[in-house]
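Below sits a lone chain in structure tokens, taken as the form predicted on its own.
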């Protein structure tokens, strides 16, 4: 019994002793250990936030590069008055159908500030070759023939880098020459008429794009452009298209011994129908000739242009004015006249020294998605001549047209244009032309 009392007393003593033991002082190390769960929780939260940020950044980065895609195309049905021969000027009517153009535009967005833009055009149904078997050729012969007279072209392919802090942009590659409406208003939804200009092709290249480097600087609503681009080749200047034939699309490569310069100043946005722009193109063309020993004199092409597009409520305006100058045009004519083979111009060697083009179009939105318009244009590529070259009134042309565009279904449209053309050549009667165009343009939604 005594032993049990003694054990019980010892147990109570240990309990009392433990209860009376002073608390262990809380030093900094202990405090750190005690607060560790809280700090760990903060670390965990920061870690989660960091991971979330990384995931967000990775997700954002994963959006590039990406491809954006647009397309447009149209076909034309029309009839026109023309002549049988130069000696017979009684107009006859011809009807035509043409799958004029289908274009595929793409943008590879590399990041928020840089992209690669390209456009592929299939004109007039494209072009191709095929092998045929001709049983009437000797004992039968396999032949390779061209099936269609169209073409597949890559009019645009360039890299663009935008420097957002300075509002500067750099373009390297093949891009539109910002000198005429026909070069910048290539999409059907940008103009009421079937094409931006019906007379540009008689003076300058149609849908003009060139390879080179361009720098753009924006300041408020103004954009200043300066570019060094490949020049024209005067061997292919012709009477009916002035310097337009010098656009180097005949060969696989372009001669770049003569580089042209392009400078323009734009207010607003001409492409989107709210801007005005002036520009100057200048470049020698002699160095780009293939027959380097046939001509040594300079043949400089200078183009000064002003163009505008603007819309106020339902009324729209589009117009341009281009003055052109070709130095030593008489010498170019003489040298070209002696070319041989496919380059021989025959009777189309004479060239004017100065040329002028004027175009005005007024449009009115009569109803939703239905616009009517009238247009007047004039081009004279013999406005002035040099040497022994005579003025040719046949190439002093005026055109007047009227029509409508109707977007009848989402991006699909129907256009109609009636056009009358006359020249200053005495005895050449006025002719008329009527065209329907049917197509689509996904760019209308942008």
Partner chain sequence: MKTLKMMAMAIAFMGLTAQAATNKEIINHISYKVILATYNDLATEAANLSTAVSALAANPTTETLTAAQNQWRVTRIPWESSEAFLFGPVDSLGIDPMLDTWPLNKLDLDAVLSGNRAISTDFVRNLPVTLQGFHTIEYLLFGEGKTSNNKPVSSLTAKQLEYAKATAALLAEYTANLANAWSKNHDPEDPTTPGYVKIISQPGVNNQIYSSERAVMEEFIQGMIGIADEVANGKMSDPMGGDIASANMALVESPFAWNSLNDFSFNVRSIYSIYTGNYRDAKGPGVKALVEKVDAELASRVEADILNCIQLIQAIRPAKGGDFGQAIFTHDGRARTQKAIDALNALRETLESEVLPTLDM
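Positions refer to the first chain, counted from 1. Predicted model only: the values in this text are computed from it and were never measured.
Separately, the form predicted in complex with its partner chain exists; it is not shown, and the next lines address it.
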Non-hydrogen atom within 4.5 Å of its partner chain in the predicted bound form for each of 85, 291 and 393: yes
Which of 111-119, 308-316, 268-276, 344-352 sits within 4.5 Å of its partner chain in the predicted bound form, heavy atom basis: 344-352
In the predicted bound form, residue 89 touching its partner chain (heavy atom, 4.5 Å): yes
Residue contact check: residue 419 to its partner chain in the predicted bound form, 4.5 Å heavy atom: no
Contact of residue 434 with its partner chain in the predicted bound form (heavy atom, 4.5 Å): no
is_contact(residue 340, its partner chain) in the predicted bound form, heavy atom dist at most 4.5 Å: yes
Residue among 334, 255, 217, 261 with a heavy atom within 4.5 Å of its partner chain in the predicted bound form: 334
402, 414, 385, 411 - the one with a heavy atom within 4.5 Å of its partner chain in the predicted bound form: 385
